[in-house]
Every structure is written in structure tokens, then in C-alpha cells.
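Shown below, as C-alpha cells, is a lone chain in the form predicted alone; questions about how it binds or moves come after it.
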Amino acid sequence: MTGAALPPAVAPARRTSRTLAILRGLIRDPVGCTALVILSVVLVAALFAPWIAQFDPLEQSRRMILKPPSLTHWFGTDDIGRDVFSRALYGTRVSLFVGLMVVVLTMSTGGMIGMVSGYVGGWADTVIQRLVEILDTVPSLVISLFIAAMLGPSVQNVIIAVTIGQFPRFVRVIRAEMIKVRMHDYIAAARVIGAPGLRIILTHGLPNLMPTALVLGSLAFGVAIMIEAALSFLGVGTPPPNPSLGTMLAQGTRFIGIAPWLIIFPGTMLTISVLALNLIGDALRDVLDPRQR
């Protein structure tokens, strides 16, 4: 009985040590550490936007129309006198929220379906993969644009549209990894002692697939931010007057010749966020799989 009770007590410590090892690996990687610092700064700025922003992002002023960057308005003002710095902070906040929700929903739903499909196999696996392949034949941006246009512009609808667009990749990759995991001897041993399939998936499949899911999630985070900006740029994303980096870019294109700061600063915030997430994804891949180095 003592030997049987030991593994559950040891498992949390192992998971904690695994997490610490991943963090140490990221910190030791120069590119990953730099990207992690940049992303942390962006996250803190977006999280504390109400305290960092000097002006209300929706406040208009006829006297401050298209003013260049200054000590008062760090990123200048737009065509109706709104502070670009405040709007960029709040727009980044919206983008990060959308990206985070997309990653959580995609990892939970797509990951679970992928694990079940890879573990069960048979006709259920075939049906799931045929449906996923149908979605995968269309670019994710096109799927997201079509769904967002049908549902109408809102943050919630953008999350739904982008999640459906990113869904096939998670299902296919996690399924492929689950097929490898189910071939191991400890899976066969769990089946022999009568462990339910769902328990095997959660206790053996999930921990082994977490590294792959983390890399996919970090890359999907950046893609989700880009697609949210693209949808907002096209007018089917975050509805105005709510700040969004994509909407700011769309509005700034009309004044690019006389007020380039309307494009430069939102574009820079978007680029920095996506680049940091992609670099973290690459660093995670190297940390979790040394053969990739």
C-alpha cells in the first residue's frame, strides 16, 4: 500500500520540476530570454493600461487633431484628436486577450479531440480526420473571415472565428503525437490492468503531449493576434470606437502621407508582440527537444 500511494505524491513535484526546467531553459537561451522579457513588458503594459495611459482612448479633441508625437501625446493623436499611445495600449490589450482565449479554447477542445482520435483509432478516428481535413483545405484566415463576417463584428465573435480557424492544426498534430504515445509499453500495461481509456489519456497521454501543446500554443498565440488585427482591419473584428491595432492601422492608412505615426506605432506594437511570441515558440521547441538545436 505504501508503494501504491507514493506516485500520486511524487507526480506534482515532478510536474513542478518540469515547469522550472522549462523556465530555466528559456532564461538560458539568449533569444528566448530576450523575447520573454519583451513579451513580459508588453503584457504588463497591456494589463495596467488604465493606469499607464495618460488619456481616455475614446476621448476626442478638435484642438488636437493629427498632432505629431510630443511630451504630452507620446505617439501623437489621430484624425479626431484621440491619443494614439492610449489607444495602442488598449488595442494591444484586446489583441492579447483574443490570442489567450483562442489558445485556451483551441488547446482544450482541439487537444482533447486529437488525443481521443489518436488513442481510439478506428472509424471514429477516420470520421474526425476527414472533417478536420475539410477545414484544413481552407486557409485559417479565410475561415476566420467567413465566420466573423457571418456572426458580425465583436470581440466574442472574433474569438470564435479565430478558434475555428486554428482548430485543425491542433487536432492533427496532437493526434499524431498521441499515436506515438499509445505504442509505449506503459499504455499497454495500463490497458491490461483495466484502466479506462479516458483515464489513460489524461494521466499518460496529456503529460507526454504537453511539450508539443506548449509549442503549438505559443505559435498559435501570435497567429491569433495577427488574424484578429486582420479582421479588425477589414472591419469584421473589434467594432469601433473600441481600440484595436487592426482598426488603428485601417484608419491610419488614409493619413499615411501626413501622419505616418498613425501607422508606425500600432504596427510596431503588433510586430513586437507577434515576434516575441514566435521567438518564444522557437525557444520552447529547442528547450523541449534538444535535437532541434
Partner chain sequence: MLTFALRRLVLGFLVLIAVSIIVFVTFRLVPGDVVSQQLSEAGAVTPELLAQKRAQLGLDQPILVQFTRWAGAVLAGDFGTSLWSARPVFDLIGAAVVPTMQLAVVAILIGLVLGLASGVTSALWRGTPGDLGLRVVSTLALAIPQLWLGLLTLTGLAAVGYFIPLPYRTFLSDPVVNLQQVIFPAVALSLGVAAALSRLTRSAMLEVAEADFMRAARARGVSSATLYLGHGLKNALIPVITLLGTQFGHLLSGTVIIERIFNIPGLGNLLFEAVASRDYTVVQAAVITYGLITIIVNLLVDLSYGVVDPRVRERLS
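Numbering follows the first chain given and starts at 1. Quick caveat: nothing in here was measured; it's all calculated off a predicted structure.
Not pictured, yet referred to below: the form predicted in complex with its partner chain.
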Should Ser70 be counted as a contact of its partner chain in the predicted bound form, where contact means heavy atoms within 4.5 Å?
no
Considering only heavy atoms, tell me if Leu23 and its partner chain come within 4.5 Å of each other in the predicted bound form.
no
In the predicted bound form, is there a heavy atom of its partner chain that lies within 4.5 Å of any heavy atom of Pro30, even though the partner is absent here?
no
Look up in the predicted bound form whether Ile134 has a non-hydrogen atom within 4.5 angstroms of its partner chain, and give yes or no.
yes
Position in contact with its partner chain when the complex is considered in the predicted bound form, options Val127, Met150, Ala188, Ile179, heavy atoms within 4.5 Å:
Met150
Contact residue in the predicted bound form, chosen from Met64, Leu39, Leu249, Ala45 - any heavy atom within 4.5 Å of its partner chain:
Leu249
Would its partner chain in the predicted bound form be within 4.5 angstroms of a non-hydrogen atom of every residue among Phe146, Ile256 and Ile264?
yes
What residues in 180-205 sit within 4.5 Å of its partner chain in the predicted bound form, counting heavy atoms only?
none
